[in-house]
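Just the one chain here, laid out as structure tokens, in the form predicted on its own.
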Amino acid sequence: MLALDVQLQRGNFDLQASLDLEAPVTGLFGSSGSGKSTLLNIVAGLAKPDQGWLKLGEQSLFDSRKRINVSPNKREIGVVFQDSQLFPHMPIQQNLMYGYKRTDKKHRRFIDKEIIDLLEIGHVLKKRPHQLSGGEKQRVGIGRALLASPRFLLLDEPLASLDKGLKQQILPFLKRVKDELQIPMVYISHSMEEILHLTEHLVIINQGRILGSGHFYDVIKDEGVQGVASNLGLENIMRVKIAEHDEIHGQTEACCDGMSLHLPLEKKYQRGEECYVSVRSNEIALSTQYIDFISIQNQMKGRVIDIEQHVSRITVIVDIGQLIAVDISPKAFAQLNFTVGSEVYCLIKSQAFAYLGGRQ
């Protein structure tokens, strides 16, 4: 579908990326400055690689050896940026139709009413951009990109400027675009929760290098990704199945590899539904025995399989049915006096867990 092998040097930043994306939706994840937007600009034709090639299906969009570099307006790739970039002097109706009118009739895949209804923006057509909320602007920006009938869609952190409430409003619309229009897309974000709302196919980029590509759960367990997991907020991710919601005590009960977990109350997941949760390595405590009369709800028995010494911390890798990393101080490590093979308990407050999204 989309394949590339490109290199680009800009000052001290060096991007080297090789990808073959076949999934309907791929999430591109990385921290700020990792190269996400640079890679998007290359695909869109807004940045020219120093060397390499790029193909969309069978069409070559860039090839340094063959001196091919298709201009952005001829690539049939739609782009939605963090800022919707609507034309301030145009009513919303004209903003929406901008790309549509410039698309040859025989290449038009959608009609305006179809997209307006899908994104529920009919009530804003006569308004101007400054009269819209942030969420409405982004929906219009998505609609404008779709009405240009792209073969591929790039979304560059489209929800980054919105608060949590607005994000939860927009994500269902993006899922409808994915499910109903079936345009292949790359969704760029530093929020794993947003990505997992749309897809479990993931690419992780860091400092201009692709660390992993494939199914989410395989990628995050990859040795290359684990090396920078703490910087990306991916130290410990668990796949869990929702058991029940305890509204009286404000908790959700879930199962993970035969263990019962107490999580923050989250009623959007149904009983029996699978989802992912994460917990940072510095949010976990260790004990050599089970502790009674303690407020911490999760005490998971495991076995130490590795101990990594750092300057100011010790990282203990514990097998609790799956591997989790725990950071403790050198003083605590000396006091606990355990070694590889020792049995320990991992203590985690229920509120330390964060939901990353449901399985697709």
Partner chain sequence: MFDLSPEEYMAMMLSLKVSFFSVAIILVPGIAVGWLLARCDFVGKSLLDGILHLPLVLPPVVTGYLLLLMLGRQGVVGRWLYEHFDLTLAFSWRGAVLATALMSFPLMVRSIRLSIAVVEVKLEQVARSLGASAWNTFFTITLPLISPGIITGSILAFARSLGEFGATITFVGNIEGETRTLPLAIYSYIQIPDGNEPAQRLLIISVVLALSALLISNFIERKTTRWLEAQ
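What you are looking at is a predicted structure, and each value in this text was computed from that prediction instead of being measured. Residue numbers count along the first chain shown, from 1.
There is another form of this protein, the form predicted together with its partner chain, and it is not shown here; the text below is about that form.
The partner is not drawn, yet in the model of the complex one stretch among 262-270, 248-256, 137-145, 276-284 has residues with heavy atoms inside 4.5 Å of its partner chain: 137-145. Only one of Leu171, Leu162, Met90, Leu118 comes within 4.5 Å of its partner chain in the model of the complex through a heavy atom, and that residue is Met90. Note on the partner interface in the model of the complex: the residue among His190, Lys241, Arg128, Arg151 having a heavy atom within 4.5 angstroms of its partner chain is Arg128.
Each of Ile77, Phe81 and Tyr98 is positioned with at least one heavy atom within 4.5 Å of its partner chain in the model of the complex.
Put simply, Ile237 is far from its partner chain in the model of the complex: not one heavy atom of it is within 4.5 Å. In the model of the complex, at least one heavy atom of Pro72 sits within 4.5 Å of a heavy atom of its partner chain.
Using a 4.5 Å cutoff between non-hydrogen atoms, Gln85 counts as a contact of its partner chain in the model of the complex. Interface membership of Lys113, defined by any non-hydrogen atom within 4.5 Å of its partner chain in the model of the complex, is ruled out.
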